[in-house]
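First, one chain by itself in structure tokens, the form predicted on its own.
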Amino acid sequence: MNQIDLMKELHTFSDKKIIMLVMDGLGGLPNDEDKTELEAAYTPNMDKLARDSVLGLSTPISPGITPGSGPGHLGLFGYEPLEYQIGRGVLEALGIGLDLSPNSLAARGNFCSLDPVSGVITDRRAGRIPTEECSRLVEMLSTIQMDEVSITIRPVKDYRFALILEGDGLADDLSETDPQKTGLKPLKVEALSSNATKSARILNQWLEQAFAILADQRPANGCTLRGIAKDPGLPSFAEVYGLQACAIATYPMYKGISRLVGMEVLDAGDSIASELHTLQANWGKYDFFFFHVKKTDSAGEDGNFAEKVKVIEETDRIIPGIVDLQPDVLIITGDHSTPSSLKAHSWHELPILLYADNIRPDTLRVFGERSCMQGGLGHMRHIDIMPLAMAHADKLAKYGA
């Protein structure tokens, strides 16, 4: 029996409420002053909470494996990321409210900047163009038509867009076109199995037309495709845990993964403060709240240590508003590490804080990576967080006689 089946068998009802607060890319590495971003941040409210909590470190997938955002969140929700693989395209499409059928193939698109002579990528995110510019470019690309498939393309946020092909015989065993570094040309889509040959050919034909249309645009004169995938059909959160769950997030991708597992996605505005207001306004309607903070990750990817510290401190300031709701279980962690020094996701463990009335508190008084190394939760995996949350909320029956 795997863990998902175990949760289906053991979940039971209680009226207790769980909040999972996820600071995207929370984990960091020490700077020249020997402090990570979390350790450098002024977090009196998280530290106060830590004194009545149990702390530890959590691995998103397995030691040494650097996770994408999809696998990181799947693990947090208790789905084994090595078993359930989800392409980023599916999450982007669902995140902006698009529906997918069994014949749909979805990709996340990134507008990028290309050197007009050599064709190499000079900026993988086209200077993080505003969403308004993304919408204008998407409108230009929406003129592309192909005989074998119908095409839907929609802006997502900033430099990102969602591309959906609809047609018979499409498969998703495909490579991505983003080489993941500047100074290299965008790659072609490669079929990784014979079933995906048709899909690769169609996507490369679409890309050829897209590059021709974008050639004279600046700074976004190219694009890449990532996470080309079909909907894997996950068991729903309600089925697995018996929870009435909602998602409070500002970025489409995280709304998408929430929709994928059957959470209700709430309109949360575009700031941490508006997310808190959404939580407070909907407190009586749900028993599980996924509360997502994005900009810790964005700052880490930009290599901006000070900005990541600022976002952590902004999050800390809303903690009293969360605690005032008297959640029965409160978890604070991240989906993956994004150290500013690396400007990328990394394999490092995530600090985790678990607060509940029925815990065994450890002796720690500070929420930070090195403090959490000594915590009572020890070293765990993301997929073990939900069973702990369920148990502390009295939502799991006894296993066996």
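One rule holds for the numbers: they count along the sequence shown, beginning at 1. This structure is a prediction, so every number in the text was calculated from the model and none was measured.
The protein also exists as the form predicted together with another copy of the chain; that form is not presented, and the subsequent description refers to it.
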property	result
Segment that reaches another copy of the chain in the model of the complex - one of 98 to 106, 74 to 82, 310 to 318, 162 to 170, heavy atoms within 4.5 Å	74 to 82
Listed residue that, although another copy of the chain is not shown, lies within 4.5 Å of it in the model of the complex (heavy atoms), from Thr43, Thr333, Ser69, Ser340	Ser69
Heavy atom of Arg365 within 4.5 Å of another copy of the chain in the model of the complex	no
Leu49, heavy atom within 4.5 angstroms of another copy of the chain in the model of the complex	no
Interface membership of Leu91, another copy of the chain in the model of the complex, 4.5 Å heavy atom rule	yes
4.5 Å heavy atom contact, Tyr355 and another copy of the chain in the model of the complex	no
Within 4.5 Å of another copy of the chain in the model of the complex: residues from 13 to 31 (heavy atom criterion)	Gly27, Gly28, Leu29, Pro30
Gly95 and Lys343, C-alpha gap in the model of the complex relative to this structure (3 Å or more)	closer
